[in-house]
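Shown below, as structure tokens, is a lone chain in the form predicted alone; questions about how it binds or moves come after it.
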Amino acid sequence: MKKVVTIQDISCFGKCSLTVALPVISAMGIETAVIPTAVLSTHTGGFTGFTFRDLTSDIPAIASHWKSLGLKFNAIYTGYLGSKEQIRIVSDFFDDFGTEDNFIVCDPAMADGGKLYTGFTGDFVDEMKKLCGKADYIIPNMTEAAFLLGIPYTENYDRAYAEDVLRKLAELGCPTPVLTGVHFDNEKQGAAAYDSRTGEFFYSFRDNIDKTVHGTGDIFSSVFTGAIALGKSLQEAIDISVNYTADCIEATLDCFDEQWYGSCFELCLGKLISYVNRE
């Protein structure tokens, strides 16, 4: 049985980070271990008055215990990390648990819509850039890619621009970058990937849905990690991830009140399983 460990925060209510990653990857038939970096009563996108408990100091102790047990994983997958200190601790985790037989996925969840998330600075971006250089796959959106590369953010670009961004992301040290939220018109949206070892580019698109639903980036990254762990090709992995993410958004359109705290991904888990088995 494949084993994945994911390191990110958990919101007790609201669908993002570990609240998404654990059920989604488990539904793919993969044992999913977790290291929560913080516990929140709700996620921060639209809620106020939420509680927050920082678990940074617990991460090294968990890692040390696991190391004493000789635990091994097929994949290490990181999502939202809340501080430079957490990034450095996770970097040490990569050193302790990364091997030639497993792979690392880093979702540099730190920005969207042309802006960094509240509380993040240029110093944080610099640390995240180093972490991405230690990963086998990174999954930024176009905003995060712009910050990682130190280039202006733009919403108007063509295929040649996206491919240039992917090449430059690979130069950070990650051999296989994946861009999410890629669109060359208003009709289609999806993802693009680049295998720097072969020089090949890969694309996957679905009809564009002009709605913002919280946590879709976490869904994509979780599915992608699971698909690669199951031995899917890069093209298959982005196809499954794009299709399932789009399915989750579509399923949420009838539940408008829920869009601000997450997608109705639970309604689509059967589709995810069918995608995995079909591919």
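Numbering starts at 1 and runs along the sequence shown. Please read all numbers here as calculations on a predicted model, not as lab measurements.
Separately, the form predicted in complex with a small molecule exists; it is not shown, and the next lines address it.
- By the criterion of a heavy atom within 4.5 Å, residue 80 is counted among the residues contacting the small molecule in the model of the complex.
- Although the partner is absent here, residue 45 lies within 4.5 Å of the small molecule in the model of the complex, judged by heavy atoms.
- The small molecule is not shown here, but in the model of the complex it comes within 4.5 Å of a heavy atom of residue 17.
- Interface membership of residue 40, defined by any non-hydrogen atom within 4.5 Å of the small molecule in the model of the complex, is confirmed.
- This chain is displayed alone, yet in the model of the complex one of 161, 94, 184, 117 has a heavy atom within 4.5 Å of the small molecule; that residue is 117.
- Contact with the small molecule, judged by heavy atoms within 4.5 Å in the model of the complex, is confined among 214 to 222, 54 to 62, 24 to 32, 234 to 242 to 214 to 222.
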